[in-house]
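First comes one chain, alone, set out as structure tokens in the form predicted alone.
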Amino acid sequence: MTDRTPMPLHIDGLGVDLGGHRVLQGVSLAVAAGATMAIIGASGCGKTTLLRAIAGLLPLAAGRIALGPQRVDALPPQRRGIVYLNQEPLLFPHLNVFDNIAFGLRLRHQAERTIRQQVDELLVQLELDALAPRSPQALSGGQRQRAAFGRALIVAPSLLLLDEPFSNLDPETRIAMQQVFKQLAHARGITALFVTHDLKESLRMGDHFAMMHDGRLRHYPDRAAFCADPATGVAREASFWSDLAIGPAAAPVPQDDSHA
């Protein structure tokens, strides 16, 4: 893997205008190096706009973005050291799994021996080593998403942006992919923003937590504060499962007074 020290992310006062409307309003956040911030929010709240702005795919109306000591908001997307991944794996259909994952290293003109070593190592971690010669069309949805993760991770990005990457997967595969990401993120020191509308997923994925509503971001000092805020819905979710486990109150047994 390409050597790159994990970088903390700092965003101050970010504003984005779309169609003459301010869709991000003064967004500020900080993510420690090698940590994942989970951002929860309903559809249309601005989560994807935030990620696209950080990646350099949307212009800023205000604010600054820094990775470690370097401001990156004035850099073109390809020079930011940021990888953006969403729910569509977007693998190259004409390349097999190995060559899809190796693509970024070949763009950097790495030696073929180095590429082989690094890709083989990552294929084992992703449990794709037996599928290396297959085309993307021969993979399941979860396998394609694993290959997409491999292609993103192999270039050792300074920041990984994940836009509901598991939303198209069935529940069992989704949980498996969450575990894969957590293991690889911690093992490789990945700094990441993970946005989702799924409360349980945010709690599984995050080291830090934030909630977006109407283009504004509220971040929390720790997991306990996130869970304690009624706006996040954690208390409602816990109450639902508690009520379901207890079940309805038992009806009183009628007394037979016929022999009284």
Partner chain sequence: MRRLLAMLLGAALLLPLALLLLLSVSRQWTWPVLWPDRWQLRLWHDLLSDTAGIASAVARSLLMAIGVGLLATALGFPTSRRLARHRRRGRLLALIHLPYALSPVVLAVGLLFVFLKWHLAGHMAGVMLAQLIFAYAYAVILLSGFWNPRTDALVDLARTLGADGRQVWWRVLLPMALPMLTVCLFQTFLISWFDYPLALLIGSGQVQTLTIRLFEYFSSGDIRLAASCALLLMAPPLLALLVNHRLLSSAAAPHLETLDD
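Nothing here was measured: the structure is a model prediction, and the numbers come from that model. Residue numbers count along the first chain shown, from 1.
Note that the form predicted in complex with the partner chain isn't included here; everything after this is about it.
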Heavy atom within 4.5 Å of the partner chain in the model of the complex - the one residue of 125, 114, 135, 167 that qualifies: 135
Consider residue 72 of the chain shown here, and say whether it contacts the partner chain in the model of the complex, taking contact as heavy atoms within 4.5 Å. no
Answer yes if any heavy atom of residue 77 is within 4.5 Å of a heavy atom of the partner chain in the model of the complex; otherwise answer no. yes
In the model of the complex, residue 171 touching the partner chain (heavy atom, 4.5 Å): no
Answer yes if any heavy atom of residue 57 is within 4.5 Å of a heavy atom of the partner chain in the model of the complex; otherwise answer no. yes
Would you confirm whether the three residues 182, 208 and 225 all fall within 4.5 Å of the partner chain in the model of the complex, going by non-hydrogen atoms? no
Applying a 4.5 angstroms cut-off on non-hydrogen atoms, the residues of 125-160 near the partner chain in the model of the complex are 134, 135, 137, 138, 139, 140, 142, 143, 146, 151, 152, 155
